[in-house]
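In structure tokens, one chain follows: the form predicted alone.
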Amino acid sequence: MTTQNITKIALVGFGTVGSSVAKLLHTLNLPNLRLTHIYNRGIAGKRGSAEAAFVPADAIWTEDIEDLLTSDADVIVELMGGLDPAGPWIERALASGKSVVTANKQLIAYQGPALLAKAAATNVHLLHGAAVAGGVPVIPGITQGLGGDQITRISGILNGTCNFILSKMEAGARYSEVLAEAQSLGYAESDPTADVGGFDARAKLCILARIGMHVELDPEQVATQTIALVDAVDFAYAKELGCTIRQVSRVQLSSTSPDSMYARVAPMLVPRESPIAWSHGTQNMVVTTGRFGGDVVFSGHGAGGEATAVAVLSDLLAVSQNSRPVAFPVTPRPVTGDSVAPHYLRFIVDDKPGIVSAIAGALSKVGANIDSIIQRPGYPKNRLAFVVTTEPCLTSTIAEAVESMGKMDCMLEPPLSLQILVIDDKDEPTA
């Protein structure tokens, strides 16, 4: 009889995800994985919590990270997030010969290649399956399952908080009310900027571009647009256009600059026949388009402790069995948020003669054509909401026209401009 090797695990962070990892380790009782160390601030409160009941009695609790970095643990599981101090701690762990499993999308988006090189240099693992889409196996699915294809486009919903908010608004709720609910449920932070502003999804999109399309993007150069400007009226008009509204993350080759990538995270009108429109609540969805394999859809819960813990535990099992992910050379690419797409323009105006003519003139001046004008009944003349959709044109062109329209005396609010997602089977980088 052979003795099974035990992989000793040290948790950095015992919050929602960390405690869920401890619970899954206890529940599944995997014989080759053992939780031996936990680092967290205020461990007295953590040790007295109900979640601590799933921690082995002999596990070492500490508020000193040195106790973990100098321990006999085989794997450091980093669940704190952020670039600092998590980055330096992970560097030290890798340099000392410890493998690392992390859910830290910001760190992997900004410093992933350098950290992966350090892991390779010391012959240890750095796995980050929980960094994108929580418990949905997008990262292993793309790297292992689609490594034999040539992915030309990645689209999807990468932030469960925004999907929760927009799904509720689609059903009639107000943005401020749903945001407060998301915060009370733990889906959104007290400062929700990273989620609603698109920065969380931007980091995840850069990770997917690296593993799926083998390109390195600077997250700071990826265009983002907040969902905070979307209102209930926009869902009413979107419905008339056969669409809904979702925060969409998308990356593909750029049509405006063949040597660069198009990448954008923004609320967009999504046709109801698109799989992206079917995702509700905290679900995440990723659609990859391959040159040979076509479209592949990954979908599931992207938020919550247990869903994310599933991905963490899957990475731990891979480390314990010395399973190596497929790796490809990665090329840095410049990135643009400019693309050819139809656009949705929503106006709130004090109704006066000549408004439509003035809007048409502003669009014509930049070479953009109107596709349709929609005005739902029931809005007062002194605060009239109506919509113009355009034929496909560059986003930068529309932005120039919208800036001009926003200066018109009749405008009560800045016009809202959203791309309309185009569904096609081509590799062309339309939005």
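Residue numbers here begin at 1 and follow the sequence given. Since the structure is predicted, the reported quantities are computational estimates derived from the model, not experimental observations.
Although it is not shown, the form predicted together with a further copy of the same chain is what the next lines describe.
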| property | result |
| --- | --- |
| Partner contact for residue 283 in the predicted complex: a further copy of the same chain, 4.5 angstroms, heavy atom | yes |
| Close approach of residue 28 to a further copy of the same chain in the predicted complex, 4.5 Å, heavy atom | yes |
| Interface membership of residue 326, a further copy of the same chain in the predicted complex, 4.5 Å heavy atom rule | yes |
| Close approach of residue 176 to a further copy of the same chain in the predicted complex, 4.5 Å, heavy atom | no |
| a further copy of the same chain in the predicted complex reached by all of 136, 141 and 146, non-hydrogen atom within 4.5 Å | yes |
| Selected contact from 183, 111, 314, 254, since only one has a non-hydrogen atom within 4.5 angstroms of a further copy of the same chain in the predicted complex | 314 |
| Residue (of 332, 361, 293, 85) lying close to a further copy of the same chain in the predicted complex, criterion heavy atoms within 4.5 Å | 293 |
| Stretch in contact, per heavy atom within 4.5 angstroms of a further copy of the same chain in the predicted complex, of 98 to 106, 273 to 281, 187 to 195, 336 to 344 | 273 to 281 |
| Sequence-ordered residues of 279 to 310 touching a further copy of the same chain in the predicted complex, heavy atom within 4.5 Å | 280, 283, 291, 292, 293, 295, 296, 297, 298, 299, 300, 301, 306, 307, 310 |
